[in-house]
Structures are given as structure tokens and as C-alpha cells.
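The chain below stands alone and is given in C-alpha cells; this is the form predicted on its own.
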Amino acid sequence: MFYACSIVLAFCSIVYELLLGQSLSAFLGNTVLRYSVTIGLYLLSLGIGTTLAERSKVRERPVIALARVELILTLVGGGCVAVLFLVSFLGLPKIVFSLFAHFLVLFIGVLTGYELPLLLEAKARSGKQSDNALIGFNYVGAFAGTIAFAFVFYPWLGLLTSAFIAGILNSIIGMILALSWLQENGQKPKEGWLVFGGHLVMATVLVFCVTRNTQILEWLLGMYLGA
């Protein structure tokens, strides 16, 4: 389970960042600059998130903590493209829009930085020796995300639908983590069920958005062009 989670979570996170980089290119131009800054900020925020995870108390309950992190990532990552359209509709100066978009890059990166330390801790506490293979699978997931974005998501599905699908994958892992925690902590099920329910709601909403992606995109484009 841990290796699969590592692959999927890394896959989703890099897809979110590539979606933001491409969206910034579309809204502000200068593709090389947008991708360079996006990837640079992503790597910086990964380090920040990893450091924070090492120093915080979330590692005391790594599985449910990771499920909570994925709930936030599902919300922010799955809706990142739609949010950028909505922010652009406000007619804010380009610098404000750019700062907001790069804040999303940093925020997603910091949360992603929490993932690997929590996975390593959860694997160690499960009685299975933590090993570098988990880190290796994380890199495999990130590589798969870049390939999927370049050859499937962007050319065939578009930015909006790709964000929804990545969010769904993120939410599925979150539900698996919440159920895993419930199996081990049956005496205190409330928190686990709340997190599971949050992921279930998010996954349902995102699946609905995928089925209505054309209408949602037309509505967002209408607002953007109108602004």
C-alpha cells in the first residue's frame, strides 16, 4: 500500500504544479519564465514542507495526518485551475494575480513536502522496515505525472479536467488512508470517519465536475472573456 500511495501522491502533486505552470503561461505569457519559476518554487516548498513535517507533531499519527493533508491537497489542487479563472475575473492587477498563483504553487509544494516523511513514518510504525525504495517509488510517480501531463492530460483532456481527475486520484488515496487508520483505531473512529467523509464528498463533487467539464469550462471562459 505504501509504495502505491507514494507513486500516486507524487503523480498528483507534480500534475498540480504543471497545471499551474501552464495556466500561468496562458494568463500571463512567457512560458519559459512561468515553468522555471513554478518548478523552482515547487522544489523550495518541498524542502520547507519536509522540514516542517520533521519538526511537527503530525508524525505521532502519520496515517490520519497524511489523510488530512490529502484532503486539503484535493481541495486546492483539484480546484486550482478553476480558482485561477475566478480570480482573473475579478480584474486584479497582473502582479496580484501572479502572487496569488505562485502562493498556490508554494502551498501545494509545502503540503507535498509533508507526504514522504509521513509515509516513511507510517511504514516504520506498521512494523515494516522503512527503506529508500519508498523514496524511489516517489520519484517514479513524479516522472509518470510529467509524462501523463505532456502526452495525455494537456493535449487530450485540457487543464480544467486534468485538475479534476488528479484531485479524484488524490481523494481516493485519502479514503484508503482514512480506512486504514480506522481499522487500526476502531475505538476512536470519529476523526477517521470525518476525514473519510470529507474525501468522499470531494471525490463526488470532482466526478460530477468531470461529467460537466464542458459546461464548466464554457462558463469560466465566458466570465474570463467578459472581464
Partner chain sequence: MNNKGGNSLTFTCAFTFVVAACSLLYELLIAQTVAHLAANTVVWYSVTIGTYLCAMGLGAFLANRVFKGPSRWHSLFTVEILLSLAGILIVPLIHFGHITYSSLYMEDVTGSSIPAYVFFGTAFLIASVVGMLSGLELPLLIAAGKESSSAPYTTNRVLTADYVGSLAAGLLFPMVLVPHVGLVSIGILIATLNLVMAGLILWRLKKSEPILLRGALTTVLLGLSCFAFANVKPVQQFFLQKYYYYMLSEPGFAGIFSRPEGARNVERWSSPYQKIDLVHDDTSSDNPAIINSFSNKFIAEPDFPRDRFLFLNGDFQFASNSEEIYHEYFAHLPMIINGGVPESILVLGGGDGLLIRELVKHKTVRRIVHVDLDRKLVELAKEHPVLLSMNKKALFDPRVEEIFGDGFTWIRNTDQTFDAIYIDFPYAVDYNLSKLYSREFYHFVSRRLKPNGFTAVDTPGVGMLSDPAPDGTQVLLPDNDWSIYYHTMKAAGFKSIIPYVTTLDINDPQIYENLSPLVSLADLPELPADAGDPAEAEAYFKNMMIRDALVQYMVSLQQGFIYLSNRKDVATGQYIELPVQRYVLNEKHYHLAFATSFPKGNKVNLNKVNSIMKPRFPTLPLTYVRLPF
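Positions refer to the first chain, counted from 1. A quick note: this is a predicted structure, and the numbers were derived from the prediction, not measured.
There is another form of this protein, the form predicted together with the partner chain, and it is not shown here; the text below is about that form.
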{"item": "Which of 42 to 50, 66 to 74, 195 to 203, 165 to 173 sits within 4.5 Å of the partner chain in the predicted bound form, heavy atom basis", "value": "42 to 50"}
{"item": "Distance check, Val210 to the partner chain in the predicted bound form, heavy atom within 4.5 Å", "value": "no"}
{"item": "Contact of Leu179 with the partner chain in the predicted bound form (heavy atom, 4.5 Å)", "value": "no"}
{"item": "Close approach of Leu119 to the partner chain in the predicted bound form, 4.5 Å, heavy atom", "value": "no"}
{"item": "Touches the partner chain in the predicted bound form: Val37 (any heavy atom, 4.5 Å)", "value": "yes"}
{"item": "Sequence-ordered residues of 159 to 181 touching the partner chain in the predicted bound form, heavy atom within 4.5 Å", "value": "Leu159, Leu160"}
